[in-house]
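In the block that follows, a single chain appears as structure tokens, in the form predicted on its own.
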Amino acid sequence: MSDVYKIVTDKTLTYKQQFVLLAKIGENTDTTIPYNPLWIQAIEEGMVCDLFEGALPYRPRYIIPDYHVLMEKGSDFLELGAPTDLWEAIHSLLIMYNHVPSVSSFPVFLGDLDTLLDPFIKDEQEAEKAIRLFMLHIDRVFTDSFVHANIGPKDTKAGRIILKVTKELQTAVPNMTVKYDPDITSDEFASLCASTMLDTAKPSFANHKMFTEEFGEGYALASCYNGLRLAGGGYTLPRLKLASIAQKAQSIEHFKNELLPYYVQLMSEFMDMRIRFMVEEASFFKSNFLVKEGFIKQENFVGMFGMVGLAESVNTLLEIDDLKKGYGHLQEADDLGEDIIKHLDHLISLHPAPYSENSQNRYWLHAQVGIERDGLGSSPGTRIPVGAEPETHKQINHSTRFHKYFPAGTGDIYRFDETWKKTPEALVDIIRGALLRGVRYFSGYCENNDVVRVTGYLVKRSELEKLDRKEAVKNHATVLGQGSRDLAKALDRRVNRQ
């Protein structure tokens, strides 16, 4: 039975989902790029993963348009003038979103929605209706919860309305982040964000000070929690599977000094080939209107060097079987974990990355959130394994050791009981303290929510139940969430109680 036949006869897939999967099969028939046979071998052995980007990259994986250009100038290609009121602004954005590609075929970044829309708000009652319809349209049309919007750090009318309708609609799309800076973000707005997060698993909190120190003001959070430059994006995102590599190691020294350099070099060469093809041969950077009209600039793109399974690699190297006695609980294990990441970052920095002008001519580390087939043997990024998480303050302190190494994205997820909904300001205190200590990104949700955070993306429990009954669901990420729930116990995180 062919893969094509399986796709077109699968009753759990919508037409759009079938279309995307069939297109990927077509793309993978190409053999233009002469990938290193050793890289292919490493994929087959489970040491690395190309995250299913396709054999021939005809567009970057993640694209981060500067939508402020649309608000100020409109678009010649789309035959749109600069919007003059809220309705025109919303419809201009919705039109443009359909023309922003990504690895998933949906836009992974919708813009800083509050700052885009706030200047057009005149009548708050009308604005609430318009923004509610806008958010509903996004959920029903861009059916993939890697679609991501930003708000903050300032308290705005538009931001408050977005939070209000997000609570009411209870949608999994878009994913959302608030850029949080206690010196800029009002306590009241931060509490509204925390309250909405407890109800709908969004927005997550990004460390605005940390990101602006690295990127300047022009940055965005996209897809799961990816930190990327505004008017740029991520070329590609393969990943090292540290848990698998550690199983091959004869010792810690063998792992660090022989295996890591070998696989870093293989993956760097793989990224080089894809990026050179994208920039030098593919049509995207030469002819796409996003480039021609200044919505994106090639020099603002970066290659994202992904990794997963630090916890399991450390426990394997130290021969620790009990998850609650190893990584995340033992000083020796945590020291080794940070030493590995520091060494990995150094190895990556030695490789000159092509077409990476605004990222110090190097690739950036990304703590990849994992995929459903990773199962329990490879935790996302640098996280402590599900079910082995310590108390909240200990988990936060653990995170502070690692987040500084991952400008292209990392984060931890905290699951709370219902009593936290009564005191969202108490949760803001915890988040503020975590970010001040060096946490880059903080996500949370309540244990009984319909909308829940899986590894970095959102799904609805009610849609998971439909999928369990072999019914089609709108959000393609629900399929991934089902696998992560069943194979990696991603919804069984420790519950933090007051």
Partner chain sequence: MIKAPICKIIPFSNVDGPGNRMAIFFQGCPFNCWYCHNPETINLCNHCGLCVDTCPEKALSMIHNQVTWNEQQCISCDQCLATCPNQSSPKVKSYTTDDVMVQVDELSPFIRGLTVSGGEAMMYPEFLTELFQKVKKYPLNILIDSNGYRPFADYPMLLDLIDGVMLDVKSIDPSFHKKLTGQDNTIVIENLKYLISINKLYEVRIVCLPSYDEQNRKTIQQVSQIIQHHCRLKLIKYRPYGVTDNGLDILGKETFSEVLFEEYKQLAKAFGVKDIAMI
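Numbering follows the first chain given and starts at 1. Since the structure is predicted, the reported quantities are computational estimates derived from the model, not experimental observations.
One more form of this protein, predicted together with the partner chain, exists but is not displayed; see below.
Asker: Does the partner chain get within 4.5 angstroms of any non-hydrogen atom of residue 397 in the predicted complex?
Answerer: Residue 397: contacts the partner chain in the predicted complex.
Asker: My question is simply whether residue 406 lines the interface with the partner chain in the predicted complex - judged by any non-hydrogen atom within 4.5 Å.
Answerer: No, residue 406 sits far enough from the partner chain in the predicted complex that none of its heavy atoms falls within 4.5 Å.
Asker: With the partner left out of view, is residue 467 within 4.5 angstroms of the partner chain in the predicted complex by any non-hydrogen atom?
Answerer: The answer is no: residue 467 has no heavy atom within 4.5 Å of the partner chain.
Asker: According to a 4.5 angstroms non-hydrogen atom cut-off, is residue 423 in contact with the partner chain in the predicted complex?
Answerer: So residue 423 counts as contacting the partner chain.
Asker: Exactly one residue in 213, 391, 124, 76 has a non-hydrogen atom within 4.5 Å of the partner chain in the predicted complex; which is it?
Answerer: Looking at 213, 391, 124, 76 one by one, just 391 meets the 4.5 Å heavy-atom criterion.
Asker: Which one, 419, 186, 283, 349, lies within 4.5 Å of the partner chain in the predicted complex by heavy atoms?
Answerer: Residue within 4.5 Å of the partner: 419.
Asker: Considering the partner chain in the predicted complex, find the one stretch among 47-55, 456-464, 443-451, 426-434 with heavy atoms no farther than 4.5 Å from it.
Answerer: That would be stretch 426-434.
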